[in-house]
Structures are given as structure tokens and as C-alpha cells.
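First, one chain by itself: the form predicted alone, in C-alpha cells.
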């Protein structure tokens, strides 16, 4: 089944009511709904979006580019984290332009001004509204939903929220992440785990994780992929369904894609941070905060910022 991604309509970090209509339309396609809330500070809007019925997960996508509309920049930021599948957004002027770019970047069909969804049958007006055309989906698509057609979805949901920062200012992103983590954690307890995956590239690079762990009083873990790939990474370090189940205050996943087997061993962590160069990695949908970057870019800055936090 294709995933269904909803791109919220947000203006000045405020969630527009039309987003609830898009959620309702998307529910006609299936029940695996992920909602992306873009902005320079999208947390408040994402909190509202998480209450919509039918939403499984919300991604608060932060980037400086969202301060002003630039369809190319917005498309790049959104494409970096949106998984494959159907993508729905508003039929506003911004929504239509952005949808066209997203369809090209995703190699998907585009259908503008959708007024009816009946299974895989999608209806939209043609010839300036003089006629309606119904098309049948046979692959991933990008759709814009006409306002005041679909009944807004109700509230009462409690979807998980992931914060993903795609800003080019990596230091500012990591500093913000550390600040948010410190609001939730008593770092004096030092129940922190930093784990590496196959994305670390080599077992020798785990020395970078040990360096950070030594300063934090943290433990070092690994994904099954890392354990299976490198003999130097022992099974005793493995976190996951066939490894250890952990429940720290802070879990930092570096270069870990987030397969369900790994999530089973750490998803109850109080605060999860993901660092991965692949913005579509599943780990980002379960993380409280995500940084799209390589470990080489992120870890030196992370070490500095965490060191400053701990004094």
C-alpha cells in the first residue's frame, strides 16, 4: 500500500483550517496518513495538526527557506523528507505551484483541484469547470484539494510528532536540538545512549561515538546492520528486537535507518534524536528531533554543544 502524505497549508507558522479538509480527502485513499507541517518554527502548528483524527504521524519540518515562498527551495526541503506515495496539499496558488514542482521531483502524476475521491477514482474539473474528468490512479500521485468541498476531519487524535530540521545552518540546528533536549532531561542522571548504524561507514568511526559517550557518561549501542556487517562491533552492543531493549532519557541514533526491529528496542526512550543523511529514513518518523546530515558533519558540533550543556 502506498503511503499517503499530507502537506499542511501553513502561513506564518499558523496552520490553516483548510488542512483539516485535506486530511478528510486523504482519508478516502487509506489510513496510513503522515502530515508534514513546514515552517521556520512549526511546532505550534504541528501540535494542532497532531489532534486531527486519522493522522498517524506528524513531521514538523523546520527550515529557514519557509520564511518566504520560493517554490524551488520549498520543494527541495519537502522532497528531502517526504516518503514515496500519494501527496496531497491545498489548491491555493502556492499549493498548485508547489505541487507541480513536487510532482516532477517525485516522478509522479499531478491532479489539480480534486473535488471527489472514490477509492482510486479521482475527479477534478476541466475546461474551466465546464466538465468534470475522472481518472484512475495507477501509481503515486500529487494532488491539490479544492477548498470547501470535503468536510473537515474531526479532532481528538493524538499523533506522534517528529521535529526535522533541514536548515543549511547545521550548528544552529544542533544547538536548538540540544536546548530542547535539556528542557526535558536531567542530564545529571546520565542515562544517555548514542548508537551507530551502518551509516557510520566503518567500525573505526565508532571511536567518534565513544569520544562523545565518554564526555557524557553515556553508553554506546549499535544497530543489527552494524553488528552483522562488522566483526569489530560485538553483539553485546546491539539495540533492537534481537538485541537489547533500552529505555534511556536520551537516545541518539547516528546513521541508523530505523528498521522496525531496531525501533522495537528503543522506541520507549524519553527523547529520541536521529542524525542521518537520508531524510526519508523511517527513524525520522519516530524521533523527537531529526537532523539531516552526515555523521562527519554533525558529530563534532554535537560534541561541542553537549559539552557546553554539561559544563
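Superpose the two forms; the largest set of C-alphas matching within 1.5 Å is the rigid core. These numbers were taken from a predicted model, which means no experiment stands behind them. Residue numbers count along the first chain shown, from 1.
Just so it is clear, the following notes concern the form predicted in complex with a small molecule, a form of the same protein that is not shown.
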* Quick one: from 51, 242, 32, 40, grab the residue that has a heavy atom within 4.5 Å of the small molecule in the model of the complex. => 242
* Which one, 15, 20, 293, 301, lies within 4.5 Å of the small molecule in the model of the complex by heavy atoms? -> 293
* Is it true that 5, 84 and 106 each have at least one non-hydrogen atom within 4.5 Å of the small molecule in the model of the complex? -> no
* To do: Answer with yes or no whether residue 238 is in contact with the small molecule in the model of the complex, where contact means some heavy atom within 4.5 Å.
  => yes
* **Contact test in the model of the complex: residue 57 vs the small molecule, heavy atoms, 4.5 Å** => no
* Classify residue 199 as contacting or not contacting the small molecule in the model of the complex by the rule of any non-hydrogen atom within 4.5 angstroms, answering yes or no. => yes
* Using 4.5 Å between non-hydrogen atoms, is residue 278 touching the small molecule in the model of the complex? -> yes
* Among 257 to 265, 23 to 31, 41 to 49, 63 to 71, the region lying within 4.5 Å of the small molecule in the model of the complex by heavy atom distance -> 257 to 265
* Would you say residue 76 moves its Cα by 2 Å or more between the shown form and the other one, aligning on the core? -> no
* Fitting the rigid core first, would the Cα of residue 201 be found 2 Å or more away between the shown form and the other one? -> yes
* Asked: So, does residue 293 move by 2 Å or more at the CA between the shown form and the other one, with the core held fixed?
  -> yes
